[in-house]
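What follows is one chain in structure tokens, specifically the form predicted alone.
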């Protein structure tokens, strides 16, 4: 029964990964670590920046997801659920363009704030084209997936536990963080791992909201190596390193959360 799923994973993940791994070690005169040396010499800062952006986006996302998922567990609101499920069906490139329009120096957000007299459009703040813009876009795009997983976990918690906490005087936040979150830690970990790996491989949003100066996310560097340097070996090395970082997050989940 598991063979179809195993076959799909093998074709779409295992085979491409090992092909990329082999190509990352191929050099002109055989095999070697040259491409990895190039990557670490040029992109160590970018790899750390990618991890930082992914972790920061994930932290903000989980806070909002837990608070909103907990609220919807106590008070069902179909309209709010609908609104926060919309990003799930919007492509990354559309999110990137929308955030550019919204967060640009003369974008929709600043224009609205200027109309209210909050800011001066002659010297407007800019969230787009910065780390803050990338974090905002990644958190918003992935909120739907996190919310779906968290709401399912929270709604599966027996109401008796919640009623017992209420009977001893616990408020909403106390119930959420001392009862519901510990009982849903498996689902929280699953959503965190899935979203972190997705953010690590994000390309469209960093490309559209990043800058040409300073640190770049890893997939932008990979694109640069392929398109401008025609260096597929270094590009494969960046991909393998990103795989390993994402695999580390998955292994942490398997070793700690599923431990019995």
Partner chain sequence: MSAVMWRLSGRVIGYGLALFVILGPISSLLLWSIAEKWYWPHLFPQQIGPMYWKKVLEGDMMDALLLSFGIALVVTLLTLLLTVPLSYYLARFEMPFKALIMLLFLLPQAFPQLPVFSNTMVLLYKWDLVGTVPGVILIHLVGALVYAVWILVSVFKSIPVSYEEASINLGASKMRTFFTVTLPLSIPGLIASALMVFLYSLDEFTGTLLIGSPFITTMPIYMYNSAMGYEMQVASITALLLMIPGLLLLFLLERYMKSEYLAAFGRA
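Positions refer to the first chain, counted from 1. Between two forms, the rigid core is defined as the largest C-alpha subset superposing within 1.5 Å. Treat the numbers as computed from the prediction; the structure is a model and nothing was measured.
As for the form predicted together with the partner chain, it is not shown, yet the points below apply to it.
Visitor: Residue 84 versus the partner chain, in the predicted complex: is there a non-hydrogen atom within 4.5 Å?
Guide: Yes.
Visitor: Against the partner chain in the predicted complex, would residue 99 count as a contact residue? Criterion: heavy atoms within 4.5 Å.
Guide: Within the cut-off, so yes.
Visitor: Does any part of residue 156 reach within 4.5 Å of the partner chain in the predicted complex? Heavy atoms only, please.
Guide: Residue-level check for residue 156: no, no contact with the partner chain.
Visitor: Using 4.5 Å between non-hydrogen atoms, is residue 252 touching the partner chain in the predicted complex?
Guide: Judged by the heavy-atom cut-off of 4.5 Å, residue 252 is well away from the partner chain in the predicted complex.
Visitor: Exactly one of 198, 211, 231, 38 has a non-hydrogen atom within 4.5 Å of the partner chain in the predicted complex; which residue is it?
Guide: If I apply the 4.5 Å criterion carefully, the residue I get is 198.
Visitor: Among 27, 194, 67, 55, which has any heavy atom within 4.5 Å of the partner chain in the predicted complex?
Guide: Of the candidates 27, 194, 67, 55, 194 is the one lying within 4.5 Å of the partner chain in the predicted complex.
Visitor: Which residues in 217 to 247 have a heavy atom within 4.5 Å of the partner chain in the predicted complex?
Guide: Heavy-atom contacts within 4.5 Å come from 219, 222, 223, 226, 232, 236, 239, 242, 243, 246, 247.
Visitor: After fitting the rigid core, is the C-alpha of residue 11 off by 2 Å or more between the shown form and the other one?
Guide: Yes: residue 11 shifts by at least 2 Å between the shown form and the other one.
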